[in-house]
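We begin with a single chain expressed as structure tokens, specifically the form predicted alone.
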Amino acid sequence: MAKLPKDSHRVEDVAYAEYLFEKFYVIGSISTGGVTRLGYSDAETEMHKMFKSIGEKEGFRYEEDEVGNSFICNSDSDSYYLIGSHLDSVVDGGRYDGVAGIIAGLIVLKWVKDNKLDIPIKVGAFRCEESSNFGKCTVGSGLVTNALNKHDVAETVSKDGRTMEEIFKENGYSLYPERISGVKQYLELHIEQGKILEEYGERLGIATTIAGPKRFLLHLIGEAEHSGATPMDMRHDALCGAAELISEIESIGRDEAIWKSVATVGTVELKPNALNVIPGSVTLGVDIRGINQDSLNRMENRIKDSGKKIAKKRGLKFYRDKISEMSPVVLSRNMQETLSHIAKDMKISHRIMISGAGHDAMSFAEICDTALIFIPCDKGISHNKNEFATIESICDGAILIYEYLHEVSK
């Protein structure tokens, strides 16, 4: 059979991609219109069962590793190309985050089979990429690449109150897995989760670097007192201190934006949270990210100093917990250049860009050459039931990966 047309959305390819998407569509559906497929939950397990069913129906071999990651394989070769992503979601999330990459991998695998090419490939679906269930991200890929270990995750607690160690024991998984081997290169397709590609009218993005996140819980402790009986000049209002700190964190993020850094206060926990009581304590969940380690360190130090100053001024106590940290990840320059050259040859517009969001690719970059490809998503919306990407965009990414593997495997 001939190679695929270089720049077309063949009817049969779009139809196959739509078929795959529909297979996953209803799993984890909730009444709001979104999906909830938390890591190591029954819904995520159902997604992996469907993944297995699809692969075996196409005549491919299925594998499951020691932590529950799933693989569809076209070869039993000890050395192979790995196309990966995830099948879990955030709470009330969208249907394209992660799944688009799995669909692209399955399409590539089918094309390689249909064209009788001798390219050993595994499509990997990694467990618990999102932090929504345990507060830890990229768990499945992190454990099998040894980017994470038992001490990082064993005592983390799911939303239904079980530790990861308990869940692993129930399922026969291991918190001491052997490191994955034989991966020649790792490729991942993902929706951008931002609006850059859409704004610039580009069909694909090729990532150079994945931003490193630092996450904290910042605690401000004041005094919970009667809101009517306590004079304004005698209060130790933790929420007012938190409001000031939130504004300062935004300013710190803006100052560091020149280095492509960002800072977000994503959660606020208030106690006692009563209308007639002065807030006695507030915990802020803070997420800072960037591709420049010096910038990340400056933000961390400035946030800490700001918290201390605000607390001292307002008569509050301040302390912080660092709950996770990952360094920025630089992806394979050679793979970027080759992918870009192929995209130009195919006349598919693309942009060289950074990734502000974390992905399973972060885990693999330390053990093999790794590439991350983005497709546009409508208005940049992600982690939201309104998340949307076109099937044609998934096919664009799949065609690029297919052509890349055809080129490098010659």
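Just so we're on the same page, rigid core means the largest C-alpha set that superposes within 1.5 Å between forms. Nothing here was measured: the structure is a model prediction, and the numbers come from that model. A residue's number is simply how far along the shown sequence it sits, counting from 1.
Omitted from view is the form predicted in complex with another copy of the chain, to which the following refers.
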### Message
Please determine whether each residue of Glu56, Ala147 and Glu166 possesses a non-hydrogen atom within 4.5 angstroms of another copy of the chain in the predicted complex.
### Response
no
### Summary
Of Lys312, His226, Arg179, His151, the only residue with a heavy atom within 4.5 Å of another copy of the chain in the predicted complex is His226
### Task
Select from the listed residues Gly205, Gly93, Gly253, Pro328 the one whose heavy atoms reach within 4.5 Å of another copy of the chain in the predicted complex.
Gly253
### Task
Choose one stretch from 139-147, 110-118, 234-242, 155-163: the one whose residues place a heavy atom within 4.5 angstroms of another copy of the chain in the predicted complex.
234-242
### Query
Should Lys385 be classed as touching another copy of the chain in the predicted complex when contacts are defined as heavy atoms within 4.5 Å?
no
### Message
in the predicted complex, is there a heavy atom of another copy of the chain that lies within 4.5 Å of any heavy atom of Ser261, even though the partner is absent here?
### Response
yes
### Non-hydrogen atom contact Gly212 with another copy of the chain in the predicted complex at 4.5 angstroms
no
### Query
Given that the partner is absent here, does Val183 sit within 4.5 Å of another copy of the chain in the predicted complex, heavy atoms only?
no
#### Entry: Within 263-280, the residues that have a heavy atom no more than 4.5 Å from another copy of the chain in the predicted complex
Ala263, Thr264, Val265, Gly266, Thr267, Val268, Leu270, Asn273, Ala274, Leu275, Asn276, Val277, Ile278, Pro279
### Task
Note yes or no: does the Cα of Asp92 move by 2 Å or more between the shown form and the other one after the core is superposed?
no
### Query
After the core is overlaid between the shown form and the other one, has the C-alpha of Asn273 moved by 2 angstroms or more?
yes
#### Entry: Ala224: Cα shift of 2 Å or greater between the shown form and the other one (core-aligned)
yes
